[in-house]
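Below you'll find only one chain, the form predicted on its own, shown as structure tokens.
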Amino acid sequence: MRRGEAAVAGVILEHSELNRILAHVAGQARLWVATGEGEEAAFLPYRPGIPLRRGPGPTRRTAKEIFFPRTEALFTFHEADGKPRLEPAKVDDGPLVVFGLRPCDARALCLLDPVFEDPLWPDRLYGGRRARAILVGMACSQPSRACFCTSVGGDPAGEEGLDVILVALDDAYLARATTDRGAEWLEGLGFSPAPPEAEAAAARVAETARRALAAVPADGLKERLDGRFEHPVWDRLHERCLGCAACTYLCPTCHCFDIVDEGGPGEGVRLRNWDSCMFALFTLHASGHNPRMTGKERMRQRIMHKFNYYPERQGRPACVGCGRCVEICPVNLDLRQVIAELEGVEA
């Protein structure tokens, strides 16, 4: 989704003013806020006094759920005057603000956009939410132990996809607009201009975060995977995987879904529900044939899609290095180690 260039310099947002400002924003738009810590960290609708999350790394649950919900109605159907009638789901058309998402989550939405906003087959529900959303990000001052965003083209203070980015200082936030829409939003809140020393402090915060990130050998992975579909490496990479799909459900760029109809005689609803390529039933044909019969084929699909198929179509991997899959895996199957092993793959 293209966004215009910002037009204003940074401003200062005092910590003590945060609750007042969030309440003001909530009075003008539907507001989602990053809140909670650890496994409870998620984006929730604003309520008075909701604490803004400041912990290391991204939230456990992603901002993807706001734009691509776990389940949603596509249309309802019923019979009227002996004829079938369809009622498409209404597109959300009110203003929307998402506050506190990390740069990796904003970048992930940019990777989902080509999927759901294809010019030939645009998804009006996803596109409607994206078009009206202002994304206010929070730069990472302390990445989690599993973060590796810089290895896949990201940055702990990256601005891609954001309208405004905040950098946490000692007693305030430096807020900088990254698009014209973000600049207009900031101007409407009446902040004070940031002094030069605040800009310098923000730069130091970002550099400290970059040094704390894990380095993963992801450069050139697409080319290393070309022609390696039948390579023996896939025989061992999947061995510990349970097929629970927790990695894909928490991934901010995974977008597999299923379509189901629910209802009774003469009426019902068509739903879109999240699904996963790691499930055995995902590719099961009505004939009983399954082209991905074992965990080997399913693991290969996940890795190849993120680091070979998507880059071939879009020019970059479908991974933002958020580390959620690393932290959630019950058998400690670390994607960073998988990438490192694939680095040595030979013909």
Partner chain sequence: MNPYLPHLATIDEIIPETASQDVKTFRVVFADAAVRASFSYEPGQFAELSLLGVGEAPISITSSPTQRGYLEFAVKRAGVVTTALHWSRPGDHLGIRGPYGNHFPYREMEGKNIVFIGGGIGLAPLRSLINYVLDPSNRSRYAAVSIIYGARSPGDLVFKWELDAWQRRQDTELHVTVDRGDEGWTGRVGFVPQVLMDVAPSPANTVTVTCGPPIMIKYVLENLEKLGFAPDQIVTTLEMRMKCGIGKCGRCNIGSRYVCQDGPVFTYEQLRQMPAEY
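Residue numbers count along the first chain shown, from 1. Because the structure is predicted, anything quoted here is derived from the model rather than measured.
Just so you know, the form predicted together with the partner chain exists too; it's not on screen, but the next bit is about it.
Q: Do Asp275 and the partner chain come within 4.5 Å of each other in the model of the complex, heavy atoms counted?
A: Yes, contact at 4.5 Å.
Q: Considering only heavy atoms, tell me if Pro195 and the partner chain come within 4.5 Å of each other in the model of the complex.
A: No.
Q: Quick check on Asp155: any heavy atom within 4.5 Å of the partner chain in the model of the complex?
A: Output for Asp155 is no: heavy atoms all beyond 4.5 Å of the partner chain.
Q: Quick check on Phe191: any heavy atom within 4.5 Å of the partner chain in the model of the complex?
A: No, Phe191 stays farther than 4.5 Å from the partner chain in the model of the complex.
Q: Of His231, Arg181, Arg129, Arg270, which one comes within 4.5 Å of the partner chain in the model of the complex, counting heavy atoms only?
A: Of His231, Arg181, Arg129, Arg270, the residue with a heavy atom within 4.5 Å of the partner chain in the model of the complex is Arg270.
Q: Does the trio Leu120, Leu284 and Arg300 actually contact the partner chain in the model of the complex, every residue with a heavy atom within 4.5 Å?
A: Every residue of the spot touches the partner chain in the model of the complex.
Q: Which single stretch, out of 131-139, 195-203, 67-75, 159-167, brings residue heavy atoms within 4.5 Å of the partner chain in the model of the complex?
A: Careful reading of the contacts points to 67-75.
Q: Can you name the residues of 252-283 that have a heavy atom within 4.5 Å of the partner chain in the model of the complex?
A: The stretch touches the partner through His255, Cys256, Phe257, Asp258, Ile259, Asp261, Gly263, Gly264, Pro265, Arg270, Arg272, Asp275, Leu281, Phe282, Thr283.
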